[in-house]
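Quick setup: one chain, the form predicted alone, written in structure tokens, and binding and motion questions come after.
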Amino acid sequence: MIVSAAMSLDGFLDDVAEERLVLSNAADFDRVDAVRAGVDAIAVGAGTVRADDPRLLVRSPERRAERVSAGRPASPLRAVFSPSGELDPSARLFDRGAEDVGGRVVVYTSAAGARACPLGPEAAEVVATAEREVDLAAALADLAGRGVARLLVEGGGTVHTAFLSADLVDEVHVAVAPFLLGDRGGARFVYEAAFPQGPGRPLRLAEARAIGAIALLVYRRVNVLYVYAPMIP
């Protein structure tokens, strides 16, 4: 599993302005597109759907063609974690128009969220994993049953925190922008939690390079002490 994010030097994924803050550049977007093309599913939290309105598609026609020639969908399966099920049916992620080259959309939610979710079956498949939370273990088991061996998690901070604190992440890809947001910062890369990747078991730096003004850092875990899959409240 890969966690991928672009953030400011002080760890923010966005600022408090209404317009989305661009933290990366075209070359890094293309790098992320290549990572997307190599996975089986892309996942985000409901907050990312609301804030960024992403489509989570492989953008490059060449990469889409390579996936199709290998017998795979042009873009990976797309997943959303939403305990409340409160998602806008008009979000681009759920638009299955003719130009959509994406795989299926699966929403992992709670039993209460499934009852409240306004999405129809033509937009997404809604899967309840627990009564009032998203059970990550159940969601990952469901993804595995769909043939997902390699998952890319693209945000936001609540989802990053859940997967990292559960020690489920194999790689962390962070693109760091050359500025700080301070009191203008909004969502964070991670929030307070008991992380196993502490000083006693740090991640291993696998890559560090400049992409224009952006610093790309790739970390990998060295070993696994335990795996605990929590709920996303």
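If you're wondering where the values come from, they're calculated on a predicted model, not measured in any experiment. The first residue of the shown sequence is 1; numbering continues from there.
The discussion below concerns the form predicted together with a small molecule, not included here.
**Q** Under a 4.5 Å heavy atom criterion, is Leu164 part of the interface with the small molecule in the model of the complex?
**A** No - in the model of the complex, heavy atoms of Leu164 and the small molecule never come within 4.5 Å of each other.
**Q** Evaluate Asp52 for contact with the small molecule in the model of the complex, applying a 4.5 angstroms cut-off between non-hydrogen atoms, and reply yes or no.
**A** It does: once the small molecule is placed as it appears in the model of the complex, Asp52 has a heavy atom within 4.5 Å of it.
**Q** Does Tyr191 reach the small molecule in the model of the complex if we count a contact as any heavy atom within 4.5 Å?
**A** Output for Tyr191 is yes: heavy atoms within 4.5 Å of the small molecule.
**Q** Does the small molecule get within 4.5 angstroms of any non-hydrogen atom of Leu136 in the model of the complex?
**A** Yes, Leu136 lies within 4.5 Å of the small molecule in the model of the complex.
**Q** If we take heavy atoms and a 4.5 Å cut-off, which stretch out of 67 to 75, 114 to 122, 140 to 148, 82 to 90 is in contact with the small molecule in the model of the complex?
**A** Among the listed stretches, the partner-contacting one is 82 to 90.
**Q** Taking Ala5, Arg20 and Leu23 together, does each of them reach the small molecule in the model of the complex with some heavy atom inside 4.5 Å?
**A** Every residue of the spot touches the small molecule in the model of the complex.
**Q** Can you pick the one in Gly185, Pro196, Gly47, Gly38 that has a heavy atom within 4.5 Å of the small molecule in the model of the complex?
**A** Contact residue from the list: Gly47.
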